[in-house]
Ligand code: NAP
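The chain below stands alone, shown as C-alpha cells; this is the form predicted alone.
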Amino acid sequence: MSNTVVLITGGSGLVGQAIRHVIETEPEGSRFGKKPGETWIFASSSEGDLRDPAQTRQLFEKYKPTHVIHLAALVGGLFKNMKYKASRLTFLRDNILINDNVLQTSYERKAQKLISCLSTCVFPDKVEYPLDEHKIHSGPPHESNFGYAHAKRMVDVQNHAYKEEFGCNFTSAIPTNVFGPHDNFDLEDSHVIPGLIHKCYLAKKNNTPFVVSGTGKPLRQFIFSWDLAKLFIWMLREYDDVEPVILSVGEDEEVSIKEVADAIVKAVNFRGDYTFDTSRADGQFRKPASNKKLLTLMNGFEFTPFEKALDITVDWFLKNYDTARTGKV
C-alpha cells in the first residue's frame, strides 16, 4: 500500500480517534502500525456536510483518497425521542444521503477500497442467536432503530451493487457495543458504559448514590475502541470480500451490566451508596453475535481484557473531563 491516502469520515469520533491512536502508537511497518508511504486523514463534519453531494466531492478532491473508512453517521444522540415520525425519517434520510454520497464519490474518484461501518442494530428484531453475517436481511429491525438500521442495511445492498456492476472493492464492518476514550459521555444521549462512567463520577464528586437503571442482569458484548481500530486496519489491508464481517469479542466474553457497573465503581474508586433501580426496564436480555468468521480470517486476535480497557477509558475521561463530550454547555 505505497502512496496510500486513507480518508476516515467521522474521524473525530470514538472509532476515528481510536484508529488515529493505533496508527500513531503501533510500531511503524507492523500489522496495525503505519506503513511507509501511507497518509491518514481524519476528517470531521466541520470539513464538509456529507449529506451534500457537492461538499462530499470537495472533500474527496481535497484529499484524493485511495482508500476510505466510512464512519460518519447521524446517530441517536441528536434526537432524544425516537417515537416521533420526523425523527425516524431524519435518521433514515440523512444516513441514506451520507452513505450514498460517500459510496458514489468513492466510485467516481476510483477509490481502491471502501469500508463502511454498520451496527448490530441492522439485524432483525426477531432472529435466532447468535447473530452472524448471513442474517442481516432476514427480518425487520427493532422499531426503535427503524431509520438508522434501514439506512445502514442499504449500505450492504449498495456494496453488492457497486461490486457487481463496476467491480468496486466495497465492504462493511459490523461492530458490537464499542467503548473507549473520546466516547460520548452525555448523560442523556450516551450508550451504557460512558453513561455509567459519567454518572458514577458525578456521584463520587457530589457524594450522592450511584444508581444503575434495571436489574444489572442483561448481557452484552463490548469491544474496546482500540481493538476495533486494529480490526478496521486489518480489513483495510487484508480483507477484500464484499460480504460484511462482524467485529466483536466472542460470545463467551459477554459481560453483565452489573459486572460493568462493578468495574466502573472500582475504576472510579467510588465508595458511596451503589444500588440498582429494578423498577426500570432492562431491555433485551442478550443479543450475542458470533466472531467466528473474523477469527478464522485473522487466524486469531488478542482482545484487550475488559477491565483493563475500562480502566483506560475511565482514566481518559477523568483526565479530559473539561473537554470530553459530556453534554455540558
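Residues carry their position along the shown sequence, with the first being 1. Keep in mind that what you see is a predicted model, and the values were worked out from it rather than measured.
What comes next is about the form predicted together with this ligand, which is not displayed.
Colleague: Taking this ligand as it sits in the model of the complex, is Tyr148 near enough to touch it, meaning that at least one heavy atom pair lies within 4.5 angstroms?
Modeller: Looking in the model of the complex, residue contacts with this ligand include Tyr148, since a heavy atom lies within 4.5 Å.
Colleague: Answer for Asn269 alone: is it within 4.5 Å of this ligand in the model of the complex, judged on heavy atom distances?
Modeller: No - in the model of the complex, heavy atoms of Asn269 and this ligand never come within 4.5 Å of each other.
Colleague: Residue-level contact is defined here as any heavy atom of the residue lying within 4.5 Å of this ligand in the model of the complex; does Pro288 satisfy this criterion?
Modeller: Result no; Pro288 lies far from this ligand in the model of the complex.
Colleague: At the 4.5 Å heavy atom threshold, is Asn177 in contact with this ligand in the model of the complex?
Modeller: Yes, Asn177 lies within 4.5 Å of this ligand in the model of the complex.
Colleague: Within 4.5 Å of this ligand in the model of the complex - does that hold for a heavy atom of every one of Ala203, Val265 and Leu318?
Modeller: No, the whole trio is out of contact, none within 4.5 Å by any heavy atom.
Colleague: So which of Thr296, Ser30, Ser46, Ser279 reaches within 4.5 angstroms of this ligand in the model of the complex, heavy atom to heavy atom?
Modeller: Of Thr296, Ser30, Ser46, Ser279, the residue with a heavy atom within 4.5 Å of this ligand in the model of the complex is Ser46.
Colleague: Could you tell me which one of Leu118, Cys168, Ile96, Met235 places a heavy atom within 4.5 Å of this ligand in the model of the complex?
Modeller: Filtering the options by heavy-atom distance leaves Leu118.
Colleague: Which of 133 to 141, 67 to 75, 105 to 113, 153 to 161 has heavy atoms within 4.5 Å of this ligand in the model of the complex?
Modeller: Within 4.5 Å of the partner lies stretch 67 to 75.
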